[in-house]
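First comes one chain, alone, set out as structure tokens in the form predicted on its own.
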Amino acid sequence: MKTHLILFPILMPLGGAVIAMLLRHRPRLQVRWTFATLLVSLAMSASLLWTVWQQGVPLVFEGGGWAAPFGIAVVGDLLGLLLVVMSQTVLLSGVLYAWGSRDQVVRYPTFYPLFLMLTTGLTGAMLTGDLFNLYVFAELLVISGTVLTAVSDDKYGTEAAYKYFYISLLAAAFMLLAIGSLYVSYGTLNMADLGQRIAADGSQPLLPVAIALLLAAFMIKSAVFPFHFWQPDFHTAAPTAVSAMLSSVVVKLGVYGFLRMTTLLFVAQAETIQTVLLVVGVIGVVFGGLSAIGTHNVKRMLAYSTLAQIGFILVGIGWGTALSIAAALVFAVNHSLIKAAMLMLAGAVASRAPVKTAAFAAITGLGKYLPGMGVLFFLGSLALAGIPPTNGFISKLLLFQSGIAAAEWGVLALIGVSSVLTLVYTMRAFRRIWWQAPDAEVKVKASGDRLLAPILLLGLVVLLGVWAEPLVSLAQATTEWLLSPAAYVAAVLGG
């Protein structure tokens, strides 16, 4: 099905950013416009996802009327639209959190336009059918995230932004070299056409180089071990409304890339790629969990937690079965909701401290004045650890079921033991903030960041824990689509 409506989720935040910039002298109207823009964009994305799911045919727009592979295609298949709906849901909650935040940065006239540009970059990257355009949208995402971090209230924001920018510059170089290698070898960058040509001729000498470079680029995007080192500093210093987005949905761009690599672009080479992802995934689960235990800052702890949680997702992709890929998709969606909510709660606690910081030294014992926030943090901790009745339990249950079905006993044992680490570091944080007595009398600020956004996200966490069937069914339908690359090729190229 060919339709221009698939452009709407990209153009709405892009056009909204321009108008938001024109409203820079009217801050209240600007934030309301940003929220309304994302709300309408999310509604359209959800409608398009439902249409594609029910009809079983992706939406394809051919730029300039030129048929692919000569024109630039925008493709709304189940994978792209599922991740767009996931991302825009969390991004909408990020605007809501920023609206009620005490951070000075959210009052800068460029904050909300940049937030909408970040949304444009992430959405466009997941809907484009062209590998070079994926690079362009990814760079738009990097520039927006870098500036949003550089203007942080935290004194280390500029340093963190430099780290993020330069490591992203390395990822950009890897991706450009991979794109050049593929174009020289196959004469196309349309992903459907490229997948078809690589399947017909996998003997090109630059193909292994391109695969390795793309793997490295997407690993950097998702902060996968051993390319994770920039993430803890970055997320600790970024404004809460920004770090909650970057650590929950922006890192899923790499997950999207791995899925496209193994199910569309390099199907014949997928087994080797999946082995690499499985190894780094297991290492990430163990290393991320152990590192989170030893941190001194709640945001930093949650940044290392992302390394571990992405590791679980990579294990699912690495096993490569229909059940494990569906489990990885459910895990990706559920983790996005949980991690955004937990980072918002960390920011809300920090906003009530005498000096706004998420360091344990400043917020130990602060929780006795914030009992309601403690209930929310405890619920989020259960979800992150995979305990019912939360969606985190559904994620790990599906992943472990897929491991049992694939008889991956060694990997199951490793990630099973490492799963306990999540409960250890989240409960350690909960105990220090809500149960441990402070070293001295703590003076809590009368007000801080509002909790509406994390409350709504945690509501979804519980809802998808007790009523998981729709998301699981959608993930299974998406997996069935992914494992039939000929259907994607036919939809984009015809035939």
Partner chain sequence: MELLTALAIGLLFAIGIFQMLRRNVIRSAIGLIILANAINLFLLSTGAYQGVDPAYSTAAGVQSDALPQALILTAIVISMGGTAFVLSMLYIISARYQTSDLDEVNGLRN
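Computed from a prediction, not measured in an experiment: that's the story for all the values here. Residue numbers count along the first chain shown, from 1.
One more form of this protein exists, namely the form predicted together with the partner chain; it is left out here, but the text below deals with it.
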query: Contact stretch among 219-227, 353-361, 336-344, 167-175 - heavy atom within 4.5 Å of the partner chain in the model of the complex; finding: 167-175
query: The single option of 416, 208, 180, 365 touching the partner chain in the model of the complex, heavy atom within 4.5 Å; finding: 180
query: Among the candidates 198, 278, 161, 394, the residue which, in the model of the complex, approaches the partner chain to within 4.5 Å (heavy atoms); finding: 161
query: 4.5 angstroms heavy atom contact with the partner chain in the model of the complex for residue 146; finding: yes
query: 4.5 Å heavy atom contact, residue 407 to the partner chain in the model of the complex; finding: no
query: is_contact(residue 135, the partner chain) in the model of the complex, heavy atom dist at most 4.5 Å; finding: yes
query: Interface membership of residue 189, the partner chain in the model of the complex, 4.5 Å heavy atom rule; finding: yes
